[in-house]
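Just one chain is shown here, as structure tokens, and it is the form predicted alone.
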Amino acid sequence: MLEVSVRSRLGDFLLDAAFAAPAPALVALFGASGSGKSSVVNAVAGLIRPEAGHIAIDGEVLFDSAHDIDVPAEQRRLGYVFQDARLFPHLDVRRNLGYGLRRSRGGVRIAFDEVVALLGLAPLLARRPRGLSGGERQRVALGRALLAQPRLLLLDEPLAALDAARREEVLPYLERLRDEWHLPMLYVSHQLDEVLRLATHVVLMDQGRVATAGALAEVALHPALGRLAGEAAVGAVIDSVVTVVDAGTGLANVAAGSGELRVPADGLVPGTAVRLQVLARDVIVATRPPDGLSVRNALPGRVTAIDVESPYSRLVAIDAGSVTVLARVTSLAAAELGLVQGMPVWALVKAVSLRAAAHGSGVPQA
């Protein structure tokens, strides 16, 4: 378990944040720039000392103001990957990685060759940082942090300085760390697509405070996400598996609660673990089984809540078995359909509005 409670005034900014998350997990700190995400990570790392608070990993206290405990940063056994790779320019990749090993404490659990294979670094070992792409430099920085044998990996917007192609180069390696190595990570980002792809747990930060925190599927449904990322981002996040691929239609069936969703196959095969986001704006509510519609997805369920978003819109939560989906409808539609809590409905979603991203498939070994 990762436990964080920190309070500190940084100039005119008040950081007052507390959350707890299970480990191993990839915990994403998400929020706008200046919301306090990096300050939280730096407090966990021991780079800044909060005025008050408590930080512990698996029961071991790293900081506790009430008991005057403040473990020095170099003794916390944490790995840190920054926005810029911060590699030693005069050392080649092999020696940059070796620096991580020299910083390790408590024995070597993660071997050099394992890291090189995981991150595809073998072709780069003799090269210096100036000859690497941005994505390659970040992979080396990841490797160096891993070889320090961390019990928790801190990543402060590690992809922010990369273009879209280089981000896509690095993301699969982070997925492998999460799924194959089960390494606990605290990941800072203000890019929602990164959070939706990587996170298992999310902490929403807003002006120095935690707006909400919990498992990704729960936070994705929380109204605070709409305030921070925009109404268009609100919707269910579903981790599932591909059951059938129909080459004739180009669609794949993905298990979802009490039914299945059809999504564009895009190279998926049966058995592939996938994560998809079902946006509230893309869900239509029907009070009887659909007939004569082009919509291919219809999940049966019951209304569990109807929240007033504005005078003209309502956010309808539908329990569709083991998943909850949201639908954004007008207040007029909600009234004319007679929507009430407990009412049986069907959640309709166009297949073309869904994208199922392979989740945890990783990348081939180098």
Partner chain sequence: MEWQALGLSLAVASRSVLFSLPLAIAVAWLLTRGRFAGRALLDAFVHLPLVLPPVAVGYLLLVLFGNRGPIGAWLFGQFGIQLVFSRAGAALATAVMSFPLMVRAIRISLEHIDPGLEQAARTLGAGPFDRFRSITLPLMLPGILAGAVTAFAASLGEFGAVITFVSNIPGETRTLPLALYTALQMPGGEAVAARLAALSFALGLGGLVAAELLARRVRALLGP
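What we label the rigid core is the largest C-alpha set whose atoms superpose within 1.5 Å from one form to the other. Because the structure is a prediction, the values reported are computed rather than measured. Residue numbers count along the first chain shown, from 1.
One more form of this protein exists, namely the form predicted in complex with its partner chain; it is left out here, but the text below deals with it.
Tell me, out of L47, A32, V308, I69, which residue has a non-hydrogen atom within 4.5 angstroms of its partner chain in the predicted bound form.
-> The option sitting close enough to the partner is L47.
Ok, A161, A73, V295, A215: which has a heavy atom sitting within 4.5 Å of its partner chain in the predicted bound form?
-> Looking at A161, A73, V295, A215 one by one, just A73 meets the 4.5 Å heavy-atom criterion.
Can any non-hydrogen atom of R288 be found within 4.5 angstroms of its partner chain in the predicted bound form?
-> No, R288 is distant from the partner.
Quick one: is P184 in contact with its partner chain in the predicted bound form, heavy atoms, 4.5 Å cut-off?
-> No - in the predicted bound form, heavy atoms of P184 and its partner chain never come within 4.5 Å of each other.
Using heavy atoms and a 4.5 Å limit, would one call A273 a contact residue for its partner chain in the predicted bound form?
-> No.
Flag P123 as yes or no: does it have a non-hydrogen atom within 4.5 angstroms of any non-hydrogen atom of its partner chain in the predicted bound form?
-> Close contact is absent here: in the predicted bound form, P123 is far from its partner chain, nothing within 4.5 Å, heavy atoms only.
Listed range touching its partner chain, judged in the predicted bound form by heavy atoms within 4.5 Å, from 226 to 234, 256 to 264, 95 to 103, 243 to 251 | The contacting stretch is 95 to 103.
Relative to its partner chain in the predicted bound form, which residues of 125 to 147 have a heavy atom no more than 4.5 Å away?
-> Those in contact are R128, R130, R144, A145.
Answer yes if the Cα of A164 shifts by 2 angstroms or more between this form and the one not shown on a rigid-core superposition, and no otherwise.
-> No.
For A126, is the C-alpha shift between this form and the one not shown 2 Å or more after core superposition?
-> True for A126: a C-alpha shift of 2 Å or more.
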